[in-house]
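The same protein chain appears twice below, in two forms, each given on its own as structure tokens and labelled structure 1 and structure 2.
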Structure 1
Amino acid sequence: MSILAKNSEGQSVEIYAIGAEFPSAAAVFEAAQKVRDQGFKWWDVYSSYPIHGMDAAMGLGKSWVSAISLAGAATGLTTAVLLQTIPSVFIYPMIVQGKPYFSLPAFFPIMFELTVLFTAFATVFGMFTVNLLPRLHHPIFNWERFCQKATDDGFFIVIEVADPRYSETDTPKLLESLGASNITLIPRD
């Protein structure tokens, strides 16, 4: 489904989302709870700093990143065990310092470090993947006021038209009733 609107030059453009600005973090917090309760799924809140409790206010579930981290940790641990055991026990068995070939205490630091390293990689890249990053452009940047204020002192809620609950008539009214200003249709291109 694509929704069209006329721009200032009278051409018809495809609409990506509807954006609304809120005066404070508290206002956007309360508005987010209302939007969540309306059952919207394809929407987001933008603020120049993290707002504690926003994930619950938006109804976001638990992130998948921790599971990816755990997978990274298990991979790192296994890699470390194999990388040390295979050479020092099977390929080049050598007595060092009178210790046995398979001397686990000597392996632990590497096991620890590779676990941490792989966990860190998995977490960072997992986070990028879950957030669909990196990307060069986003339709939200077509909204000029957002570009001016989102990283400074603006608080925004943006609801995509792709959301099944989106309605051309009701959604702007909803945002208005929540105390929003500058309600704007954001073009896709």
Structure 2
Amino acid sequence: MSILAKNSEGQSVEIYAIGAEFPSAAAVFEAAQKVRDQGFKWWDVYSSYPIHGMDAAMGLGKSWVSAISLAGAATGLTTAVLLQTIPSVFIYPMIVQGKPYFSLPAFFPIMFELTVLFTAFATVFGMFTVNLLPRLHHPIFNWERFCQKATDDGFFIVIEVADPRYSETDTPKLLESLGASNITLIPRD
């Protein structure tokens, strides 16, 4: 869905989202619950500090990063076991100091290290993927009010126009009824 609007110079610009400012953390928390209840999916809340319970208020589920980390750990452990077992047991079987071909105590340090290494890489790259990073510029930075107050004392809700529930007339009315001020259309670029 693409919505166009005229900027101050009369040029058509593509709209990314509609943003609204709220007076306090409690107000944005209550508004987030109501936006969630309206069925919006492509929206976010911004504040200068974490607001306890906001994940539940927005209806967010558990992150996929932990599953990606578990897959990385399993891959690291499997890699370590195979890298040590194949040469020691199958390619060059040799009894050293009376130990068996497959000696778990001897293999444990490498298994631990590769499990930790693969988990760390999977977690970092999984987090980048889930968060759609790296992203050098986000369209929300085109909103002057957001840039002035987001890191100091601002509380914002931004609803993307790509959301199936977005309406050019109803969404601004909803935000206004929730107590929002400075309701603004945010251009994509």
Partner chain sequence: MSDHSHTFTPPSPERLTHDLDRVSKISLAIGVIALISSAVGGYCDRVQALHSYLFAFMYFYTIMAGAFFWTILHHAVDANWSVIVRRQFENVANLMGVMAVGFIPLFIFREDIWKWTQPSELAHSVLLQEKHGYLNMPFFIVRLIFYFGFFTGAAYFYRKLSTAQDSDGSIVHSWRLRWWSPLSIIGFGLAITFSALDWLMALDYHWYSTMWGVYIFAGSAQSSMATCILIVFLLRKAGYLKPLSGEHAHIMGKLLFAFTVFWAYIAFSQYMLIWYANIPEETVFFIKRNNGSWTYLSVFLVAGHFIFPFIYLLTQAVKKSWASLSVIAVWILFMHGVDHFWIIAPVVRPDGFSMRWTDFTSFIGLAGILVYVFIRILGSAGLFPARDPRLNDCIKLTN
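Fair warning: this is a prediction, and the values are worked out from it, not measured in the lab. Definition used throughout: the rigid core is the maximal C-alpha set that superposes within 1.5 Å between two forms. Numbers given to residues start at 1 and step along the sequence of structure 1.
Mind telling me which structure is the form predicted alone?
Looking at both, the form predicted alone is number 2.
Based on a two-rigid-part description between the two structures, is it true that T115 and A150 share a part?
Same part, no.
When the larger rigid part is held fixed by a C-alpha fit, how many degrees does the smaller part turn between the two structures?
Smaller part versus larger part, rotation angle: 16 degrees.
Could you tell me how many Å the Cα atom of A74 shifts between the two structures when the rigid core is held superposed?
Here A74 registers a C-alpha shift of 2.3 Å.
With both forms put on the same core, how far apart in Å are the CA positions of I91 between the two structures?
Once the two forms are fitted on their core, the shift reads 8.2 Å.
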